[in-house]
Structures are given as structure tokens and as C-alpha cells.
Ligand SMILES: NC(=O)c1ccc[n+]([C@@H]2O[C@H](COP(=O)([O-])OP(=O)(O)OC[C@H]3O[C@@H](n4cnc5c(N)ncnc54)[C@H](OP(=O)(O)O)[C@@H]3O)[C@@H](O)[C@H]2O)c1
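Here you get one chain, nothing else, as C-alpha cells; it is the form predicted on its own.
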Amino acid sequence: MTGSAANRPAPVAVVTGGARRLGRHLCEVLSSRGYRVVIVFRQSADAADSLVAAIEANGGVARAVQADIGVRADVQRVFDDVAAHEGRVDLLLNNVGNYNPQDVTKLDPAVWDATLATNLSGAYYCCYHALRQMPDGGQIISIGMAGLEGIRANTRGADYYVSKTGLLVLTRALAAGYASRRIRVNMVSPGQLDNSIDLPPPDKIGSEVPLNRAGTMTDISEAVSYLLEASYVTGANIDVAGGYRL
């Protein structure tokens, strides 16, 4: 290792919804790749603290920050804190996502507002602040949902589907807008994961997923890892879904 490489600070990753489930796994993967990880959580303080401890036990660097991503002032506070402690954002991973599926004929406006605030407006707030601390060549990766390339009726979870479709449009707009700075902006879209709340039983999943199995968190992190290295890919949405919603 050259002297300049040895003295170069580790890149900083900010991961929203990072304390549990997929977010936790992605934080661990990013740490293993040499990132200093800022774990943003809303309510799961114990899980966030245990993740910090686990990363540090494996030789990594991490800390946790509490915030409600759907609240603009909370997001600004998080990134002010990052500016004071880490001084930069090399990777923003928009992982947080409200999913409380209701039939569209019974969808409460309060649920609609909460979903859009967190999944779309909150993601934009994070992008807005992260980009002001991001050096040229940085990255934003957002977690979407499979099937966004084809607009279709989805009567269950319409608020979630609308929010993630909007996030794809935002992803592509930012990719084009920040290309001159070599900032790449992409999306990874899972389908039916093995911890999904509406996963079909094993003997039924083949009717929805052509590859006949649920996805795993490793399937998603492999796509994220690909994008981290894919220097000529921006504005892309990668369905990691086994053919779900083709």
C-alpha cells in the first residue's frame, strides 16, 4: 500500500433504516468493504446499538443516529451531525421504507401521507443534504421494489407503489443532474424476500416468482456491491426478484 493510500480516510456511508432487517445486513456488508457506517434509525435503538457493537467487534467503525426520515428537520439534523463528525458522505443508501399495505378503496389519507413522507420526500431530503457533503465520484443507491419499469394497477399497497415509482423518477433525475460530478445514482429493487410480510407459502411461491424461491438479503447486497464497483452505471434500476413481476 502506498503512503497516500494508507493515509486516505475510509469512505463514509449513511444508511437509512439501517438498524434492522435488510438495512442491518447492508451496513455489515458496507463495513466489511471498508466504509465507516452511519446507521440512521427511528425507533430501534437497541438494535442500532447492537449493530454498532457488532461492527466494532469485527474491526469496523460505525455509529448510530436517531431520526424520523419523513421529518425534514430531523434529516437536516442528521446531516449536520455527519458534517461535524465524519465531514463527508461518500455513499447514501436510502433503505428506509414504510410498507403497510391496505386496499386502495380503504386507504386512509394519514397512511398515504406517512408513506409518501418517509419513502419519497424523506429520501429526497437525504439526497439533498448528502449531495452537499458528497465529493465528486460519490454514490446514491436507493432500495425500490420490483416491477417499477411497468406501471400497472396495484390495488393493495398503492401508496407504497406510488412512493417507490416516484423514487425511481428521482433517481434518474439526480443521475442525469449530477453526472458532471461523476456522482452515480442507482436503484436496487427487491421482490419477495424471505422476510417479506406478505410472502406466499413455499408451495405457492412459484406461481409468483419464476425462479421458485424467495430472495435473500445476500441477493440484494450482491447487487449493491455490483453497483459500488460499476463505474459506468448510473440511472439504473436493477430488479433483484427472481423474475417476480416480469
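Computed from a prediction, not measured in an experiment: that's the story for all the values here. Each residue number is its position in the shown sequence, starting from 1.
Here the subject shifts to the form predicted together with the named molecule, a form of this protein not shown in this document.
This chain is displayed alone, yet in the model of the complex one of 183, 29, 64, 67 has a heavy atom within 4.5 Å of the named molecule; that residue is 67. 43 is the sole member of 212, 43, 58, 218 with a non-hydrogen atom within 4.5 Å of the named molecule in the model of the complex. Under a 4.5 angstroms non-hydrogen atom cutoff, the named molecule in the model of the complex lacks residue 139 among its neighbouring residues. When contacts are judged by a 4.5 Å heavy atom cut-off, residue 95 counts as touching the named molecule in the model of the complex. The named molecule in the model of the complex comes within 4.5 Å of a heavy atom belonging to residue 144.
Though the partner is left out of this view, residue 79 does not reach within 4.5 Å of the named molecule in the model of the complex, counting heavy atoms only.
Stretch 186 to 194 is the answer when you ask which of 202 to 210, 50 to 58, 173 to 181, 186 to 194 has residues with heavy atoms within 4.5 Å of the named molecule in the model of the complex. Taking the named molecule as positioned in the model of the complex, the only residue of 146 to 162 that brings a heavy atom within 4.5 Å of it is 160. The Cα-Cα distance between residue 146 and residue 176 is shortened by 3 Å or more in the model of the complex relative to the form shown here. In the model of the complex, the separation between the C-alpha atoms of residue 149 and residue 237 grows by 3 Å or more relative to the displayed form.
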